[in-house]
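Encoded as structure tokens, the following chain is the form predicted on its own, with no partner shown.
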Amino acid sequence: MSVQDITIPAVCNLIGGKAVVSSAKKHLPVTNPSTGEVLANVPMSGADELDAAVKAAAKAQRDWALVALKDRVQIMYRLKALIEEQVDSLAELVTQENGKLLAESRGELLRGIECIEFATSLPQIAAGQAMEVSRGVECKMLRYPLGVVAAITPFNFPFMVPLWMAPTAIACGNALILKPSEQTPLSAIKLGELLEQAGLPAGIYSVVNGGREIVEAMCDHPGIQAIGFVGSTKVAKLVYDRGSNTGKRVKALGGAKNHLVVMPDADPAMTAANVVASATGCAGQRCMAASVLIALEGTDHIVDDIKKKFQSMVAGRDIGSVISPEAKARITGYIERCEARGAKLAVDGRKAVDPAAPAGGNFVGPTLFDYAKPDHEVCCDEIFGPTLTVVRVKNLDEAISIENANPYGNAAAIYTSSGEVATYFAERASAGMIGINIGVPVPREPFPFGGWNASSYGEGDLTGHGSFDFWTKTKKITTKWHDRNRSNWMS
């Protein structure tokens, strides 16, 4: 840490219910993406600090597992109330460290609250199964927590994605250790404060900040039984492979390249507005963002409306900043190369920045690429910025073949007024989440979030009903109390 950083606070780890100053020699700045202001310094903690967190969590989890489920979820009721009471200040924190608009940060928190609500419903879901399978013989199945589990979360939703996992995992009786993105660690620490206020015992929720070393240590540590991961496909596959090789249960959600198909019978106004919101919301930094728009013949008027809406928007007013100068440079690199590689730059976002926006912000305006071929890099790469690529095709089957060739399988959507066409597309698109006239088809609780193909590794789900299966293990008990009325081999 340099001399000029001495007055900037260091982010602590949360271990055993206490804020612990990391012994790490390396720290990285946590920067407000909209201003360039350094908010804090985050430590690149080591494997020994993770080990300390695992030991503290394991000790606390033994008692936590003995608490009745109905009593465990009371913590989540109180957490929900606390977040609702503080939603405005929490949204400001998310905007400060992430750069998204305040309304988007508020929406992130409201979506996270839905996940807490699901956790409070677990007593209604968790009733064990029991049946007399033969005269005098009963079989029943009970749920048990896994023990210490881990979550690795990205920068783009620093409050919501931890809430995908923490409430259900903890309510199921586990202790959870979170490694947040080193770019947005402040929300993770704040969540710990809220859980403490809600009455969660010390050690059940921990935060260990860091980078690759902590991720690898989580995959290798014998005391961690399961890992939930959300991030890029490259890292998702590495986490899945490494964690699975050590016997862990792993669900790793990766990147995306979502395709939206526009039919000639689509509602023009609704389609244009919805596509623009999908592509530019959260500055395009979400795995559900519209990325490739496949326009059939007869839809030029809709594409023109989308173009006009893009041209009317500026970063710093209509959309927030991207996360870092490196992200901005990567996005502008695609803009610089697009025409040289055969696409048309229909709207250039490099200069579409509000003059009143802070000079130190990482702003890129909405950008539209048109007439791109399916193998162009702007059609294939996850740019993760406020960009949209238009591909022109003649018919729906051609559009579906382009979507199917995409290695990702997160989400796909179609805009049409025909139920028959919508069903045809939904059955043939190679994606785990399908939108019909919805450009961000995020399932709402209790339906689980998750894609297919290179967008998802591992079995199970991190949200919804499947998350109850992921964060628990089952025990099957067969009982016989007498030998009367023998009826089959079990008796």
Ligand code: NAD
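Each residue number is its position in the shown sequence, starting from 1. The shown structure was predicted, so the numbers you read here are calculated from the model rather than taken from an experiment.
One more form of this protein should be noted, the form predicted in complex with the ligand, which is absent from this view; the next part is about it.
S.K.: Thinking of Ser232, Glu382 and Asn410 as one candidate spot, does the ligand come within 4.5 Å of a heavy atom in every one of them in the model of the complex?
M.R.: So, yes: the whole triplet contacts the ligand.
S.K.: What is the one choice in Ile414, Leu253, Ile204, Ile224 with a heavy atom within 4.5 Å of the ligand in the model of the complex?
M.R.: Going through each option in turn, the one that passes is Leu253.
S.K.: Could you tell me which one of Glu97, Asp370, Glu104, Glu182 places a heavy atom within 4.5 Å of the ligand in the model of the complex?
M.R.: Exactly one residue meets the criterion: Glu182.
S.K.: Tell me, yes or no, whether Thr387 is in contact with the ligand in the model of the complex, where a contact means a heavy atom of each within 4.5 Å.
M.R.: No, Thr387 sits far enough from the ligand in the model of the complex that none of its heavy atoms falls within 4.5 Å.
S.K.: So, Cys287 and the ligand: in the model of the complex, are they within 4.5 Å at any heavy atom pair?
M.R.: Result yes; Cys287 sits at the interface with the ligand in the model of the complex.
S.K.: Does at least one non-hydrogen atom of Ser45 fall within 4.5 angstroms of the ligand in the model of the complex?
M.R.: No - in the model of the complex, heavy atoms of Ser45 and the ligand never come within 4.5 Å of each other.
S.K.: I'd like to know if Phe155 sits close to the ligand in the model of the complex, meaning any non-hydrogen atom pair within 4.5 angstroms.
M.R.: Phe155 belongs to the contact set for the ligand.
S.K.: Which one of these stretches, 271-279, 290-298, 172-180, 399-407, sits within 4.5 Å of the ligand in the model of the complex when only heavy atoms are counted?
M.R.: Comparing against the ligand in the model of the complex, the contact stretch is 172-180.
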